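Only one chain comes next, encoded as structure tokens, the form predicted alone.
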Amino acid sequence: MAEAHYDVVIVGGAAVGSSVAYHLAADPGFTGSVLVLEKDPTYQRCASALSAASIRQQYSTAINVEISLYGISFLRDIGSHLAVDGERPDIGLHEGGYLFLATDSGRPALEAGHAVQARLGANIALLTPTQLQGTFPWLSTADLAAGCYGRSGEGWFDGYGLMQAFRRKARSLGVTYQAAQAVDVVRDGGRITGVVLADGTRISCGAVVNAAGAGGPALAKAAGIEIPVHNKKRMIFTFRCPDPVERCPLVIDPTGVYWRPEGEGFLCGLAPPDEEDPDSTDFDVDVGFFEERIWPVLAGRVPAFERIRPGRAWAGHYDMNAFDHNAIVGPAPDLSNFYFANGFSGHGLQQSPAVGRGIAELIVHGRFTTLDLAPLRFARMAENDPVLELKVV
């Protein structure tokens, strides 16, 4: 039996992989065939389904601000971009804003980031403690020196809905999806000529996109390349508060604890310190982490949260780039047709529109034709040129 052949094989069919598929199929300059391989077609444990599904402009590096400015523009008009047969997807985008809080020690970084955001046109307000108290009267501000609040362009949405909208639109444009796991690649000199599935099936290809999330490092290694991407567990907890906390944005406390409204309650989380953050494959939830690390911060920052009632909790995984906590995007070294879309470190959903567009441009046109994503290139690691964010969340 002859091998099946596709011009582009995308490994990983969640938000990033499906965005690449959609942007390829929608590009008038592309007339080839696209196959998306997804090992878990239920998507029950993918990051797109389990994350807090938010978008922000509040970064300190220009490339991340620009990626998110395009991202919010895309999400606002998702009904036009991803409609199928007149049915327009609705991802429940709520531009409730981010609110980054800083004490005296964190104020310089907050101000530096705000300068970058303002220069690029993001609608972010730098607030004094008095302004914070006036805008958010439920907030305890005694130890704060400043806050940055996204007046527009920031908020949260249905991440699973975005992923499915990309997927449905891609399929309507002729993209093939297959429930299968890619376990190896066939390399011939400076090119990848095929992908090998877990059942031994070999698929011939013209290009491969590694959008495999937690499976990205293994696929890269199969191609002979090491990437510093690790699987890190993050837990999300929910709670309800009997007292009103009105107009609450997504708040990032100086401790790193974050919370935002979700339905009739709130969700929250905290990244553990590096020494308590091993690589992980389990989905176990440590309730004590909420009670000991998160709840005291919530109650101290918002007095109304002293009387909260905890709800359900879950765990998911980030594909964390240990080099600089930013994505690896673009072609592999010495492999002209192998493309990375890995290591998003928790930013994959919000960055999926711009990254999907960018990878498609590389494949179709041989270069970025809209937003230059070169700062996220693989080579930056060998060049020791990190994309350093002043505030990693």
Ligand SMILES: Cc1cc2nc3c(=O)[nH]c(=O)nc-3n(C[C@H](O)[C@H](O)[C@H](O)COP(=O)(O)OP(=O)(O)OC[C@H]3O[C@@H](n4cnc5c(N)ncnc54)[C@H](O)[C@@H]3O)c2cc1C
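Everything numeric in this text was worked out from a predicted model, so none of it was measured. One-based numbering along the sequence shown.
The same protein has a further form, the form predicted together with this ligand, not shown here; the description that follows concerns it.
> So in the model of the complex, are Val185, Ala220 and Ala354 all sitting within 4.5 Å of this ligand, heavy atoms only?
Replying inline: The answer is no: none of the three residues contacts the partner (heavy atom, 4.5 Å cut-off).
> Might Gly215 be said to contact this ligand in the model of the complex, defining contact as any heavy atom within 4.5 Å?
Replying inline: Yes.
> Quick one: is Gln57 in contact with this ligand in the model of the complex, heavy atoms, 4.5 Å cut-off?
Replying inline: Heavy-atom contact with this ligand at 4.5 Å: absent for Gln57.
>> I'd like to know whether Leu24 contacts this ligand in the model of the complex, with contact meaning heavy atoms within 4.5 angstroms.
In response: Leu24: no contact with this ligand in the model of the complex.
> Can any non-hydrogen atom of Asn326 be found within 4.5 angstroms of this ligand in the model of the complex?
Replying inline: Looking in the model of the complex, residue contacts with this ligand do not include Asn326, since no heavy atom lies within 4.5 Å.
>> Give me the residue from Thr103, Thr255, Gln181, Gln131 that has a heavy atom within 4.5 Å of this ligand in the model of the complex.
In response: The option sitting close enough to the partner is Gln181.
> Given that this ligand is left out here, which of Val34, Ile67, Ala360, Ala47 has a heavy atom within 4.5 Å of it in the model of the complex?
Replying inline: Going through each option in turn, the one that passes is Ala47.
> Where does this ligand sit in the model of the complex: which of 205-213, 299-307, 134-142, 82-90, heavy atoms within 4.5 Å?
Replying inline: Correct option: 205-213.
>> Only counting heavy atoms and a 4.5 Å limit, does any residue of 12-28 reach this ligand in the model of the complex, and if so which ones?
In response: Sequence-ordered list: Gly12, Gly13, Ala14, Ala15, Val16, Gly17.
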